[in-house]
Each structure stands twice: as C-alpha cells, then as structure tokens.
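Next up is one chain by itself, shown in structure tokens, the form predicted alone.
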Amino acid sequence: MLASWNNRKALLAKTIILTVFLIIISIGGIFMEEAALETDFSRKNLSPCFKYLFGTDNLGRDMFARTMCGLSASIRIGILASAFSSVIALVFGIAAALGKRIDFIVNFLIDLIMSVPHILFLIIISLCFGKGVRGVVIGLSLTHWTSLARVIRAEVVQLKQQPYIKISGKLGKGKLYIAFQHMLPHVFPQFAAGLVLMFPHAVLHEASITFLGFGLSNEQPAIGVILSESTKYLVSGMWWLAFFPGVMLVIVVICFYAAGNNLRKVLNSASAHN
C-alpha cells in the first residue's frame, strides 16, 4: 500500500512539473507576441547565438520569440479544442445508456466519422468555417471526439450489466438519473485522462493544417506558418528556421502525452499498482 501511494505521488509530481512547464510556455508566448512580429533587417539571417538562441529569419525576426509565440497559440488552441471535443465524447458516450436506439445512432456516427480520412475531414470543416482560429477549433472539436467516445461507450455498456445498475432501474430510477448519478462518476477518470491525451493530437493537427495553408493565417507566428516559411530557405543552409521550432513542437507534444499518461495512472487505481 505504501509503495502504491509513493508511486502515485511520484506520478502526480511529474504531472505537475510537466503542467507547469506547459503553462510557462503558454503564458510566456503571449508576452512575446510583439517581439515575434518585430522586424530588423540589420540582424537578418543570423545563426543561433547567445543573443538570439534560435537565430533570426530573412526579415530579422527573433526565431525564439516566434517559436514561443507559436507554441503558445498551439497550446491554447489545443486546450480549447480538446475541451469541446471531450465534452462531445462524454455526452455521446453517456448517451449509450439511454437506450439501444440512441446507442445505435451514436455508434453509427462514430464509425461514420472514423471512416473519413482524419486530416481531410479536418481541412474541410476548417474551410467551411473560414479557417483561422475559429475554423481550426471547430474542426478539431468535431473530429477528435470519436476515440474517447468509443472508450466511454464501452465502459457504459459494461456498467449497464452491473447488478446495482439493474437494481436502480427496478427501483424506478430513470435512465437519465442512472446515467448521471451512477455512470458519470465511474467514467470520469477515462474522461479526464482522455481530455489530456487529446491535447497532443490537437496540437499536431493544428500545426499540420496550418503548414498546409488551411489553418491559421500567415500573419500569425504559428508553428505551422513558421515551418512552412522555413522550407523556402533550408536549401540556403538556414537549418535553424525549421530545426528549433520542430524540436520544440515535439517536446510540447511529448510533455502533453506524458502528463496525460501519468494522470491516467494516477486516476486508475489498477494502473497505479503496476
């Protein structure tokens, strides 16, 4: 028991450290927006140095400020989209407890959305809503809920067979009461872990469609925009324009994944013993 408690504390401490690191990037990037847009041709195309850690681009813009600002935007968009998407997943997953007909409709919607190529569906939705932050958030929200909804639905289907659920129904409790009073607390750990684990997918897909030109506008210092612009200058030997933003994006994604995985183990007592 003591070893299990110590293991949980260690996992929780790691999750807090990762969360603080991501919060620092998210908030710090907001304060660097002005520096990220500032141009100075006297310092253009500088390689990484002590003053400019990530170098500068062809317009003399500080790549460290642009990278931090881009990561901040990606994190904020990822959090917003993941929150909306997770709520959709929870609603549809819990809806499976309301009857076989609703369960069939939910399962059909999940299969339908998952049958469409993910990135294509995301691009189409983003374009329909005018691209930009609104289009990207709506696109991510409407395309990332299916996997979590399937997990929650599977839990709900198993719970429906539990004796206390059947007894509650025989005592006259309605399906909505059973769903929210008995099932929702049970599936909350899966919901919380799925919410955090959805962040890295949202961040990567936001950067992907922005890189392809279907996401955030070129005026914004987004990671996708930075990586897209850097491809024009890589042949000139300006490797730092893509290297540092790409590495930082990978680090942020790994941090999100690690935090989500640790949170899942903390919330799941069975996993915490492993």
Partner chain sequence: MLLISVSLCSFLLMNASPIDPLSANVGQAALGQMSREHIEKLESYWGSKEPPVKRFITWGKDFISGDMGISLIYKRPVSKIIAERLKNSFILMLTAWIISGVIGFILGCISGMNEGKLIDKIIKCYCLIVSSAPVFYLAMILLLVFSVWLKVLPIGFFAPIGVKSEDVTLMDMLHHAVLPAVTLSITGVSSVAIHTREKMIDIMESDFVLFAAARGESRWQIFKNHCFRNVLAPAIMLQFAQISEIFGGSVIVEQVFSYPGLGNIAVNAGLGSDLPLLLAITVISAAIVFFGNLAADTVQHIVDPTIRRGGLNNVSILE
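Numbering follows the first chain given and starts at 1. Quick caveat, the model's predicted, so the values are computed rather than measured.
Although not depicted, the form predicted together with its partner chain is the subject of the following passage.
Looking at 67-75, 104-112, 163-171, 185-193, which stretch has residues with any non-hydrogen atom within 4.5 Å of its partner chain in the predicted complex? Contact criterion met by 104-112 only.
Problem - Listed residue (L204, L159, V151, L80) with a non-hydrogen atom within 4.5 angstroms of its partner chain in the predicted complex - result: Answer to the contact question: L204.
Please tell me whether the candidate spot formed by V87, L98 and Q181 is one where all three residues come within 4.5 Å of its partner chain in the predicted complex (heavy atoms). No, because V87, L98 and Q181 lack any heavy atom that approaches its partner chain to within 4.5 Å in the predicted complex.
inquiry  = Is M32 near its partner chain? Define near as a heavy atom within 4.5 Å, in the predicted complex.
reply    = No - in the predicted complex, heavy atoms of M32 and its partner chain never come within 4.5 Å of each other.
Hey, in the predicted complex, is K175 touching its partner chain, heavy atoms inside 4.5 Å?
Flag for K175 set to no.
**Message:** I'd like to know whether V133 contacts its partner chain in the predicted complex, with contact meaning heavy atoms within 4.5 angstroms.
**Reply:** Heavy-atom contact with its partner chain at 4.5 Å: absent for V133.
Although the partner isn't part of this model, could you tell me whether G28 comes within 4.5 Å of its partner chain in the predicted complex, counting any heavy atom of the residue? G28 lies outside the contact set for its partner chain.
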